[in-house]
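Read the single chain below, which is given as structure tokens and is the form predicted on its own.
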């Protein structure tokens, strides 16, 4: 891979690692990730040999060393060989957390023969959770699609801003925003939710999309399930309202981080929505299919999105593609960690000074699920830390951070 400069303007702090005692990173590498490997065993009908290898991986994570990656014919095998050079003979807990996580998910695919044609036909080891997530959120999906249809029929000034909030909180189905759907508009109580947005540049993003000529928006997608439905509702609104001519979705080329969305997950989602008996949902699904068929909604994948690389190490070909967009939307916690290189930045560091390598204006929509955050005011940090000791990792707080400088 050819990687681009520039890098962040600020000096790079050290990466998060699993050996930091008492950290969320340590808990993730030694407890959460092994549990994911064991869940893959429970949720699939793999062979005893595969299940034994998955259990061995789970055991190794706490104190063991990184295994080598066998050549499983995956397109990224040679790239991974290069990535691994720096970390040979190191323990899982001693390598950068972002590397450990991305490599763990890549090993899951090697163990389960994902890339070997004719053996398992590329079984997604996380498919059950993806399907259950869609089915469990159907009631919320009906409500949201109903609202989007109303906004398209009767445009309202706050529609786009509200859809940004849904995209932000889309991984939570128990939204306090649901009062938006009551007939009495005065009961549209988003104040409680707004108080949990630590940086809120939603109005600036809305202004860019409504007051400037926007030909193209690129969207680095996070999770499938209800979160993807929320993202697609935002995309549909932008395209159906003709605020944007074209949207490019950047999706994962293979299963990773359990629920991260792939191209097939977008198609699975539209098929699932089409098969419901709820008119607002089927109308939304048909619009999505039309957007794809017309070329206004483009689904793309790249192995950079499943690599352990920081965002500023993006290949030139992909960076040049992103440069064609008028706005880059970066969704979710893992993508945010990639933006920041998953490093120990200070909470008040300027995000603009870190993501200055981006070729186009960017907005990060991210709920906090790891100890990597920047761009906060010191008084906000002080206040939220007092009210919620786990605010950095419990997914109850979010940011909508807009960086407008076109580098």
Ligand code: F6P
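Just so it is clear, the structure is predicted and the values come from calculations on it, not from any experiment. Numbering follows the first chain given and starts at 1.
The protein also exists as the form predicted in complex with ligand F6P; that form is not presented, and the subsequent description refers to it.
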Quiz item: in the predicted complex, which of the listed residues (101, 265, 236, 218) lies with a heavy atom within 4.5 Å of ligand F6P?
Solution: 101
Quiz prompt | Position in contact with ligand F6P when the complex is considered in the predicted complex, options 337, 130, 106, 250, heavy atoms within 4.5 Å | solution = 337
Practice problem: Using a 4.5 Å heavy atom cut-off, indicate which stretch of 326-334, 277-285, 106-114, 141-149 touches ligand F6P in the predicted complex. | Solution: 326-334
Self-check item: Contact of residue 32 with ligand F6P in the predicted complex (heavy atom, 4.5 Å)
Solution: yes
Quiz item: Does the 4.5 Å heavy atom contact test between residue 231 and ligand F6P in the predicted complex come out positive?
Solution: no
Quiz item: How about residue 257: is it within 4.5 Å of ligand F6P in the predicted complex, going by heavy atoms?
Solution: yes
Quiz item: Should residue 24 be classed as touching ligand F6P in the predicted complex when contacts are defined as heavy atoms within 4.5 Å?
Solution: yes
Quiz item: With the partner left out here, if you bring back ligand F6P in the predicted complex, are 97, 223 and 369 all within 4.5 Å of it by some heavy atom?
Solution: yes
